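Before any questions on binding or motion, here is one chain by itself as structure tokens, the form predicted alone.
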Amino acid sequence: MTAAIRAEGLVKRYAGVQALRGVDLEVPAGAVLALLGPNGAGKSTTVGILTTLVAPDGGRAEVAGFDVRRQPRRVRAAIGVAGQHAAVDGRLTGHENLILFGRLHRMSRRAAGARAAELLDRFDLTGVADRLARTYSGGMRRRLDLAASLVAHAPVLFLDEPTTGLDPLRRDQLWAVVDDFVAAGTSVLLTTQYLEEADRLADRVVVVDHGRVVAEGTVDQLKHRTGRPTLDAAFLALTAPGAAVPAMAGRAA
């Protein structure tokens, strides 16, 4: 299967700090890769390089078949990006923001308007579509920013900690949207600190720490490497707790 994203030996330094120390990763077409790691591990730097916002000091990378150094414009035309900080314009309404993104992607005014209406409905923002984005709550701005990243039907999507600040209901909505896009063939690189999110969305996981890949595989493979599963039990009464052992034996298998 053709790789939608491929990175080999990515290196990046900032004022003497080694942010990336030879990161390799690959996202097959139509798949979701979750990039996990603590704050400062190198996740956002990796996304910055792959989206042409940061120049690498070493290594190479391709996105949608285009080299991020030699063909940055072709890369940008093929991707959607939702960074950690909302990129929407607070002086525009939610509806105007999405139309602006559509026009920047060379969509006709009619097509941009139709796409904006579709995404506002999908992210439950129709009721505030005509309000200035600066009046939105943090979660609403985040949802608008995520909607903006999806305007162009890009074949490759980068989501940098997309559910930070979202309540459980909105998080589930976003996961459903990602599912739909992947089913339609979109490839996704997702950075997250939430294991539940990786478990729910990702085909494969890459774990980075101190700028290096320290583990990779499917979610199940990584779970098996971290130790044996455990089962905690709480008893409503102290009488005959030994009777619970055979009852739990099958569940712990």
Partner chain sequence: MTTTDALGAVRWSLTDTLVLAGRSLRHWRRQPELLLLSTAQPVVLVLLFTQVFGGAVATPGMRYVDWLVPGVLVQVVAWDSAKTAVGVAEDLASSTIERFRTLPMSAPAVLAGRTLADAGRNLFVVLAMLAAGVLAGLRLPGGPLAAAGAVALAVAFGYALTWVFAYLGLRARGGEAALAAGILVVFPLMFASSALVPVETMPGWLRPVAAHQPLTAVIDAVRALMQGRPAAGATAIALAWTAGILVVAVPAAVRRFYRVAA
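Positions refer to the first chain, counted from 1. The structure displayed is predicted, hence computed values, not measured ones.
A second form of this protein, the form predicted in complex with its partner chain, is not displayed here; the remarks below concern that form.
In summary, the region of this chain contacting its partner chain in the predicted bound form, judged by heavy atoms within 4.5 Å and restricted to 101 to 109, 179 to 187, 166 to 174, 116 to 124, corresponds to 101 to 109.
When contacts are defined as a non-hydrogen atom within 4.5 Å, none of 140, 201 and 204 contacts its partner chain in the predicted bound form. Of the heavy atoms in residue 91, some are within 4.5 Å of its partner chain in the predicted bound form. Its partner chain is not shown here, but in the predicted bound form it comes within 4.5 Å of a heavy atom of residue 145.
At the 4.5 Å threshold, heavy atoms of residue 71 stay clear of its partner chain in the predicted bound form, well away from it. Shown alone here, residue 161 lies farther than 4.5 Å from its partner chain in the predicted bound form, counting heavy atoms only.
With contact defined as any non-hydrogen atom lying within 4.5 angstroms of its partner chain in the predicted bound form, the contacting residues in 21 to 60 are 51, 52, 53, given in sequence order.
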